Structure formats: C-alpha cells, structure tokens
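Heads up, the chain below is alone and in the form predicted on its own; it's given as structure tokens.
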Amino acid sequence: MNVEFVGRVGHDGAVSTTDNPETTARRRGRRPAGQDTRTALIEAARAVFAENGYDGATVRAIATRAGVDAAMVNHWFGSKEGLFAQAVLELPFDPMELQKALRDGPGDELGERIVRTFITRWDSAGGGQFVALIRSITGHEQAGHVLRDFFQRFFSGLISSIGSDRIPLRMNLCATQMVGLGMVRYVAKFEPLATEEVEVLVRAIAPNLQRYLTGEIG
C-alpha cells in the first residue's frame, strides 16, 4: 500500500508530518528534542570531516551523526560544500583580533605568546576543526587556501610589527612549526605531546619559533 508523505520544514528544521502510524515508522533521523538542528549539523560535520576528510565525508553520514534527515543539510546549507564552509572554513577566531592581542608584550616573548595562544585556542575548540581542515586539504582546494591565508595574514603582520627582515621566509618557517605542532597534537595524536600540559610545550617550542621570528636564519 502506498503511503503519501505530507509534511513541511519548520523554522527550526524539524519535519512535521500528518500523524499516521505507518508514516511515523518511516521517519528517519529526527533530531533530538530541544537541540538546534543547524548547530547539530555543524558539530556533526566537523566530526565527520575530521575523521574522513572532505572527499570521504557524506551528507548521509553527517546527518546520521546529527540525528536528522539528510534533507536538512540542503535546507540549512544548500549542499555539502556549504556545510563544509560553515563548519570548517570559518575559523573559531578572528586572525586580526588575535594578532592585535599578541602584539601586546615584549618582542622577545612573542614566540611564547603565539605557542600558548595557538594551543589554548585550538584545545578549547576541541581540535576537531583543525583536524578537519588538515584532512580535507588534499580533496578540497579551498581548505588549503584558508590555512595558507590564515598563516600569511597572521604571521606577516606580527613579523612586520617587530621589524624583522625576510618576512615571507620567516612566515613560512613559523607556519611549519605551528602546522607541525597541530598535526602531531590533534591529527596524529602522538603521545605524550597530544596530552602534554600547555606550559611544557610553550617552554619547549617557543625558543625555536622565536628564532624564526627575530633570530638569524642564515
């Protein structure tokens, strides 16, 4: 027997249908009560993109993780691409505001402030967005652009503010240090670095980063 599905999408993304036992049984992926559908999708997308990268993540897998119907992805974001842009490509902080805050202090301690801020900001965000960004670079060109643009804007301004020379090279060297740190702590999760205390890592890594910022680089 054919059952006609009659429903509409509300402002909160929930799907309401005519009450019918057979129709109710066919409902898939209803979101948990009280949970915002859009937020649930973004959180699920970050997790799935982090696990599988852009190419390996599917709309169905993300929707299942969020506990909603796959149609909600198109409803809220237009496509998988749109969801990726919202969940991964929008960084959880403003690089320019962060740069301004880091300038406040002695130039010879800038490396310490950068390492400490980098770890604490990404730790507070769970590290998942960084992982999703890194794992998606090979399958999504824009992910590489976002990462490159972040480090270019972030480090070039800081290096200029302390009067160092050879800004492009220093910027790239700083990026190798910080991307490498992120890879080991959040992506590969090498122990003990993955769970090491922030200040231990600051003391260990900052001197090398400081040399890239202000020291002799040959």
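By rigid core we mean the largest C-alpha set that fits within 1.5 Å across both forms. The numbering used is simple: start at 1 and walk along the sequence shown. This structure is a prediction, so every number in the text was calculated from the model and none was measured.
One more form of this protein, predicted together with a further copy of the same chain, exists but is not displayed; see below.
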- Task: Look at the stretches 67-75, 99-107, 139-147, 116-124 and give the one with heavy atoms within 4.5 Å of a further copy of the same chain in the predicted complex.
- Result: 139-147
- Query: Does at least one non-hydrogen atom of T39 fall within 4.5 angstroms of a further copy of the same chain in the predicted complex?
  - Reply: no
- May I ask you to state whether I134 is within 4.5 Å of a further copy of the same chain in the predicted complex, using heavy atom distances? yes
- Query: Contact between D55 and a further copy of the same chain in the predicted complex at 4.5 Å, heavy atoms?
  - Reply: no
- Quick one: is V184 in contact with a further copy of the same chain in the predicted complex, heavy atoms, 4.5 Å cut-off? yes
- Query: Going through 174-189 from first to last, which residues have a non-hydrogen atom within 4.5 Å of a further copy of the same chain in the predicted complex?
  - Reply: A175, T176, Q177, V179, G180, L181, M183, V184, V187, A188, K189
- Query: So, does F118 move by 2 Å or more at the CA between this form and the one not shown, with the core held fixed?
  - Reply: no
- Would one find the Cα atoms of F84 and K189 closer or farther in the predicted complex than in this form, where their distance changes by 3 Å or more? farther
